[in-house]
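First come two forms of one protein chain, each written alone as structure tokens, so that there is a structure 1 and a structure 2.
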Structure 1
């Protein structure tokens, strides 16, 4: 039961930490525009070369348009295949891609395992769907584990041997990659040591849904590899949002709220109201020319002259 408690706790940490990260982003004040082109949600004709709506005469008379389709066309290969890295840093891609894709396949495997467990709970543990699901679990699981193991070992090797990566790698960077590698390799070892069809994973996931109350549940720790898999997978789930590895999902904000945030401010709009709020904030910068005293607002300061001039 201790394993299940650990997994529940780790999932709770994941939800809490991810929720906090997202909550914090949503509650930050509106910032000034700092987009960088190409902005991929532009209309097709302009995304081809990185153009913007500001290329049009009197652009402010037109409706602001953005294309979700174009954004997806860019984002899907970027997320799944790390297209940017392929283009800009090919030698790293050969390891980074299998690592990332391996992790995605693990997420997919877990989703399939959950579905399978739901079917089992619903009494559909036999039949075509269940058979198909089991096939998908095996395919996603095995390919994810192989790719992830190659990727994590490769990334570890690159960090150790490439001077420019090594000079910037701290203990935690090595730890992170070893941690991920430990999960992949122990899970792979579990499968290789007599569980080719991921029956242990199925049973454990089922156990997760039933809080350990079912007779079907997997009793973990049957071998060292199985034990390591459950512990490392659980801890990894909790650990990722606490580190820079949260970039896997925080990338959304980096792209949408900064790189591609080209929404213009229109008179009388919601954005203008947010700007007006910002202008009432009271800075305390100390340099003489700023002339801030903690009482004057940004509005007061922006409409005054610097102190040196008085």
Structure 2
């Protein structure tokens, strides 16, 4: 039962930390507009050359339109296949891609395990659906573990040997790679040591849904590899939202609320109110020419004459 308690606590930490990150992001002051194009949710006719709806004469009189399809056409290859890294640093992509895609496949595997457990609870533990789910669990699980193991070992090696990465790698960067690698390698060892169909993962997930009830005959952590898999997986769930690795889901806000934010600022709208609120903030920048002493607001600074530099 101790393993299940650990998993429950880690899931609670994940939910709480993720909720706090999203709450904090939503309540941050309005960002400074980037005004960098192309914006991927523009209509197809303009994304072809990186244009903007602001090109049109009197654009403010027209209805604001965007394309979620064009947005997804950009985001899916970028998130799943690291298209940007493939273009800019292909040698690093060969290790970074399997690491990230391995994590994505583990998330997919866990979702399939939960679905399989729900079907089992509903009395559908046998049949075509259960058979298909079991096949998908094995395919996604093995693929994710192999890719993740290769990626984590490869990225650790690159950080140790590549001067361009080594000079900018902190202790936490090495720790994160080792932590993730521990999960992948221990889980892969568990499967190789006699659980090729991930029956242990199915039983443990079922136990999570039933709080380790007597219906679940599986006893977790029966060997060292299984013990390490459960502990490392649980702790990793709690650890990710507490570190910069939360970028895997928080970058949604970077793209939509910062990089691609081209919502028009209309009189009397929410954006105008947010801008007015920003103008009342009192900065404490050290740059002397700004004269931000913590007492003057941005409104005062922006409306005053520039301070002469000597």
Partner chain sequence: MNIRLKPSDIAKASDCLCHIDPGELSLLPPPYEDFNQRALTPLKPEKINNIEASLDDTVAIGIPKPATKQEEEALVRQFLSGLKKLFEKENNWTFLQPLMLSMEHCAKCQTCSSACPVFEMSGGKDIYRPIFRAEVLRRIYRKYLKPGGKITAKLNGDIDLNWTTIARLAELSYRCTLCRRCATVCPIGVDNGLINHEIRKLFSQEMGIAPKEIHDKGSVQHLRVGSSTGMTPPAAKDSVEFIQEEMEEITGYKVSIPWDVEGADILLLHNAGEMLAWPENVGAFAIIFQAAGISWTMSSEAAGYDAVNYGLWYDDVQFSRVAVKHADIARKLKVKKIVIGECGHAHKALTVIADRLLTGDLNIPRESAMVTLEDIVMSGRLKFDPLKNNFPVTLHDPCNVVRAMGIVEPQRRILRKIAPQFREMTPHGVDNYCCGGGSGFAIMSGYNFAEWRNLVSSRKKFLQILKAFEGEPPDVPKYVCAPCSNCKGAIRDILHYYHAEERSGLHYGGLVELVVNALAGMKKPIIRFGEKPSWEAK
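Rigid core: the largest C-alpha set superposing within 1.5 Å between the two forms. Not measured: the values here are computed from a predicted model. Positions refer to the first chain, counted from 1.
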Item to check | Identity of the form predicted on its own, given as 1 or 2 | outcome: 2
Item to check | Rigid core superposed: residue 276 CA moves 2 Å or more between structures 1 and 2 | outcome: yes
Checklist entry - Taking the rigid core as the frame, does residue 291 move its C-alpha by 2 Å or more between structures 1 and 2? => result yes
Item to check | Core superposition result - C-alpha of residue 58, shift between structures 1 and 2, Å | outcome: 2.7
